[in-house]
Structure formats: C-alpha cells, structure tokens
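To begin, one chain is listed below as structure tokens, in the form predicted alone.
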C-alpha cells in the first residue's frame, strides 16, 4: 500500500484562497448545465434534526464535467448567533473519482455562503431583467452580504434597500457594505414591504422555518421583478408565490422530498429547475413584465462545483495540513 493522506483546509485556509465570484458563478453555471443534460448524480439530501428548526444534512454529489465527487456534512442552527456561533457550519469531503479515496477535507462555511449567492446569481442571469438597477435585501446576515456581491457582479446595481428584523444587524450591514461598495447607495427600511415594492431584484434570507408566518403579500413584487428566496417560503405568502409568472427551484426532486416532510404547504409546483433553464430545455424570462422567482434549496452540486478548484489553488499556495489516512 502507498502512503495515503488527505489535505485538511481550515476555514481560514479556504478564505485565504479567496476564490472570486465571477469564477464561482462560472463554475456553478457549468455544473447546472451538466445537471440539465442529465449527467449529474444528486440524491435528495437526508438529514437529522436535533432541535426545532435546526438541521444536520448529508449532501452528496457527483459532477462528471468537473471531475468532482464528494459530500458535505452541514448543520444550520438558528439560535447559534445568540451563542456567538455561526448559523451554518460543517465539512466537505472530496473523493477521487477514479478510486474513491478521500483526498481533501475542508471547512464549508465560506463555501456555503458564496455558492448560495452565486446560485442565485445564475438564476438571476436567466430570470431577471439584465438592466436591473435596484436590489432589495431582507435578512442582513451572511447571505445578504454574499448576494449583494454576487448580484453586483452581473447587474448594474445602483441602489440597495435593506431590512432586518434586528435594527443593529441592518445598521451593521449598511455600514460595512457601504464601505465595501462606495459607489452604491444603501437605503435602510422599516418594513419588508418597502424593500419588495421598490426593488427589481429581491432576496429573502431569514431562517428556514417548517411552519413560517410569512410577511410578503400579493402585488408587493413589481411586474418585471425577480426574487430569490434562500429561506424557502419563510417570507412569502402563498398568494404572492402563486402570482409568479415563472416559479423555479434548483432541484425538483429535492423540493418534492421536502414536501413529504411537511414543508411548502402553500408553495406552487415549480415551472422548471435551474438546470433545465441553463441547458435550454425551458426558457427563462420571456418578457420585461414577468414576475419571476427562484426558490433555490441549496444543493451539494453547488459545493462540489467549487470545492475542487479551492483544493487545487490551496495546493498551489501551500495551504492546509496533510493528514494520514
């Protein structure tokens, strides 16, 4: 037997690699094109739930076009920020597609944050108006930040309307993001309606709830606008979702799996999944007046699309710790 080992990359290592958003978006679009062609293995993610509204999920995927095979073991605990802990935490394991041996283990926190924003950006590329200049953020945490970065990568954003149930989080978001993007105007709001009615692209990023009490009503989203919900239907009333001209998700099978668990009680059936749109099996936006939404659930596909590139660049940079198997 050869001396076998794997490379461990800490959260700091992954952040040091600092993979840029245009590259992340490009890798995700390639992965979703592979998915639309039917050559990706992506079983619905099983999970365990040790506390109400908390989860620990196993997320495997294989993307032949990117030679990427592996799994993410990830948790989401809504009460963690009050404990000084991250809401999302976990690990990604990459396996060699030729022999199955694990060759890397890396922290998933940074990857989860940025791949989620990038997946929404891929959806927006096909479903939002390309001249969209106003962005609305509901939930000024990690996803509010990464989505702002991702959407400004693809769209000529000029103004960002921000709301958070915690005023301090909203103030911090506007202060930090205003410093990072001095050419953008960041506007605080007092209610989600102000965000939704004034924005051409809307993000909702609160905690994922099995039995939500949604806020966003019918007619708030303006004709021609695009919305992306990374918190499932936690913010959107059924009447508002039914109003969408095109309602999409990132994986149809996974949404059906969640329905069997009691989620999405008032959520319509999707028109298409993102892979079908990227590969051209179903059209994206077809008119300037369509209301479009992507309710992406978060796929292992997203993580496996970028983890091998992070590994390769970490090796080139001499990062990480080599551990024996």
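Here the structure is a predicted model, which means the values were calculated and not measured. Positions refer to the first chain, counted from 1.
Another form exists, predicted together with a small molecule; not displayed. Remarks below refer to it.
At least one heavy atom of residue 298 is located within 4.5 Å of the small molecule in the predicted bound form. In the predicted bound form, the small molecule sits within 4.5 Å of a heavy atom belonging to residue 143. Remark: residue 231 counts among the residues lining the small molecule in the predicted bound form, judged by a heavy atom distance of 4.5 Å or less. In the predicted bound form, at least one heavy atom of residue 164 sits within 4.5 Å of the small molecule. Of the candidate stretches 149-157, 174-182, 198-206, 219-227, only 198-206 has residues with heavy atoms within 4.5 Å of the small molecule in the predicted bound form. Residue 138 is the only one of 118, 124, 92, 138 with a heavy atom lying within 4.5 Å of the small molecule in the predicted bound form. Among 235, 247, 186, 110, the residue placing a heavy atom within 4.5 Å of the small molecule in the predicted bound form is 235.
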